[in-house]
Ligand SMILES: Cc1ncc(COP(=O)(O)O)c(C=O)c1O
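Just the one chain here, laid out as structure tokens, in the form predicted alone.
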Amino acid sequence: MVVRASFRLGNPHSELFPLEPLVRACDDLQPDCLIYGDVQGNLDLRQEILTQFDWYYRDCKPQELLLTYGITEAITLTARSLLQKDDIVIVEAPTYPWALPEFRAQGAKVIQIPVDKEGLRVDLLELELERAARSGARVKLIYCMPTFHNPAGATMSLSRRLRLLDLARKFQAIVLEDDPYFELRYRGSNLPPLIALDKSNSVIHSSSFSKLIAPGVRIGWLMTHSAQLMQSLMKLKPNGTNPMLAAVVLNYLKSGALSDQLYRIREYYRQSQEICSTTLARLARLQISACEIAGGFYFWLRLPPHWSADYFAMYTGKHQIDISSGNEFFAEAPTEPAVRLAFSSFSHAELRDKLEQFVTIAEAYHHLKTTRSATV
């Protein structure tokens, strides 16, 4: 019997969860972690996050950081604090789909700009910003994932990061940087986040421990150099972010366990990425091209132009392999037929086996499409 497999969600592999270190981190909890806590979140944890990632968050300060229930809350807080009816939000195409309802719930108009192998097309972004300015409209927010994009896998080049910030300053737009995968680089050199390059207080940065420790650790953070933006965001927080869990994460970080965890998961997912890259390369003969990724959890597969992403995803699902249709990741009409594969939840043996099944299914679908075309 074929066992159903899902490539739909970017869940970390459960065998990599650091359960024992987290249990030990519960040993020295104090009573003050059982009260509501400061709205901005545990000060010691905010400082420790900056210490753990000092190579990434240079010149950032604890008062510029707000603890959140993951990146999803950071997106919600940003949308609710910044957006009003008829404001314009620019997103990437493709983009993270769960952000779109938050922007639209505020009455904002969402416009998409394509992503290529170097990330957001800032040349097209500039044209859209200029067009909006000429019409008297206001682009309030630019939402992007510069590092290990979900779903496209791309990483924005340094020159584009700098140009994006120049445009945000010039057109007085805020950039929301969604960045949960920055520690999951498998090859290449690190690039600074937008928040570290921001000289005009134009960036709201968001990240989380969900991919690094475990999704159930609902602790993330939002960061901005703007005191005004921080105050606006904090007004929407009724109380601090889970003070007890924040205390556990603080003890976990101070124990030094995160360093070992990061080494372990990077090595594991590097091998997973290599398995995917090698296997998916065989699809080139079907005119299916797999993106080249340097980190993160996802492969974006561009399909032949005459294929339907929805129908292909339905076909693989009927054969016990669940994938995400690329159509789910666009604010407007898709710019290309594509599907997303999330590889992170599998053991290496499972991953090899399920990818082989996926390749076989893709070959069968290609044969089916070719046969039908020949008979028309």
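Sequential numbering from 1, following the sequence displayed. Worth saying up front: this structure is predicted, and the values here are computed from it rather than measured.
Below, we turn to the form predicted in complex with the named molecule, even though it does not appear here.
**Study point:** Contact residue in the predicted bound form, from 273, 155, 208, 202 (heavy atom within 4.5 Å of the named molecule)
**Key:** By the 4.5 Å criterion, the partner-contacting residue is 208.
Check your understanding: Among the candidate residues 115, 129, 195, 71, which is the single one with a non-hydrogen atom no more than 4.5 Å from the named molecule in the predicted bound form?
Key -> Here the answer is residue option 71.
**Study point:** Any non-hydrogen atom of residue 150 within 4.5 angstroms of the named molecule in the predicted bound form
**Key:** Because a heavy atom of residue 150 falls inside 4.5 Å of the named molecule in the predicted bound form, the answer is yes.
Review point. So in the predicted bound form, does any heavy atom of residue 94 sit within 4.5 Å of the named molecule?
Key: It does not: once the named molecule is placed as it appears in the predicted bound form, residue 94 has no heavy atom within 4.5 Å of it.
Review point. Counting only non-hydrogen atoms and a 4.5 angstroms cut-off, does residue 300 reach the named molecule in the predicted bound form?
Key: Flag for residue 300 set to no.
Review point. Counting only non-hydrogen atoms and a 4.5 angstroms cut-off, does residue 146 reach the named molecule in the predicted bound form?
Key: Answer no; every heavy atom of residue 146 is more than 4.5 Å from the named molecule in the predicted bound form.
Review point. For the chain seen here without its partner, which of 282-290, 160-168, 118-126, 174-182 has a heavy atom within 4.5 Å of the named molecule in the predicted bound form?
Key: Partner-contacting stretch among the options: 174-182.
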